[in-house]
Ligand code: HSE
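Just one chain is shown here, as structure tokens, and it is the form predicted on its own.
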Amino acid sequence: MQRIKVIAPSSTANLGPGFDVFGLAIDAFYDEIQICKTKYNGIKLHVNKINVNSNQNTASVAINNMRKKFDIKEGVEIFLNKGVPIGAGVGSSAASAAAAVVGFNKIFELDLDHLSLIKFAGIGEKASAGTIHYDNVAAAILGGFVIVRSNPLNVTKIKPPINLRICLAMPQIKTEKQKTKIARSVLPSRIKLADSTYNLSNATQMVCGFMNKDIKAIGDSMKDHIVEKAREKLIPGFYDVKYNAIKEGALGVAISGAGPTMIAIADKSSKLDAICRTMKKSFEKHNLKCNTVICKPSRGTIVK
């Protein structure tokens, strides 16, 4: 029986001013998927050896859409080993979808380009977030730093600086099943022109920072007056974590995707352990247990 194994990385989205536009693949965690063809016409999904509802998982939703699009009659069996934490804001649903579409493309020899794979993975994301968005899936598939234009869809990848490091502070906050959908529901329907200009200037500067391999410019651009302002109330200790991390040497701090994880950008030569430690202590002062991880950009989804 033919079987394909694929691993896809965790990711962080937005990085402050780039809501639904910026994504960065990170090597903190990985999802692993094994896909094999079957004789029956359907999809069987096993998540960490447990048989689950295939209609509610980003991997199987994305694959089912591909089967219909290309009129593939053969069934598939999916074995998903979740390594990316669920509901933490580090692209868990995106990793599953990314690994699934890359594996399905390989096993059925569809020879799809990256943009097509990102589109299918984005459809899978709807099962988790309630809307189609491409920042995390694009980063997970391509690796590195990505810039997404949604209409029409276009994705640009920029290779991050080799000395870029990311400190993750992951507070143990109980999150709802539709956490991303809830985090989107608190966003404002209207914004001030001054706030839009502020975010646009920082987003532009961040792109320049990645292009010029300038980690200081990247970190200094992680400022947002729109989305984080609306979401900070969902994360107890937000201001303390941010202030103390920068005081300890972080070059920039932001909410990772929909949260509650927060990310700090730093240079490889920075006191990374100290940054993680102060972020952890800051959350603990607000009665939240917190795990920390030091990671670097990932090269994306890999067929093994």
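In this text, all values refer to a predicted model and were calculated from it rather than measured experimentally. Residue numbers here begin at 1 and follow the sequence given.
What follows is about the form predicted in complex with this ligand, which we do not show.
Proximity of Ala13 to this ligand in the predicted bound form falls within the 4.5 Å heavy atom cutoff.
Residue contact with this ligand in the predicted bound form: Gly257 places a heavy atom within 4.5 Å of it. Residue contact with this ligand in the predicted bound form: Asp20 places a heavy atom within 4.5 Å of it. Taking the partner from the other structure, this ligand in the predicted bound form has a heavy atom within 4.5 Å of a heavy atom of Arg184.
Exactly one of the stretches 133 to 141, 106 to 114, 197 to 205, 150 to 158 approaches this ligand in the predicted bound form with heavy atoms within 4.5 Å, and it is 133 to 141. Counting a residue when any of its non-hydrogen atoms is within 4.5 Å of this ligand in the predicted bound form, the one hit in 213 to 246 is Arg231.
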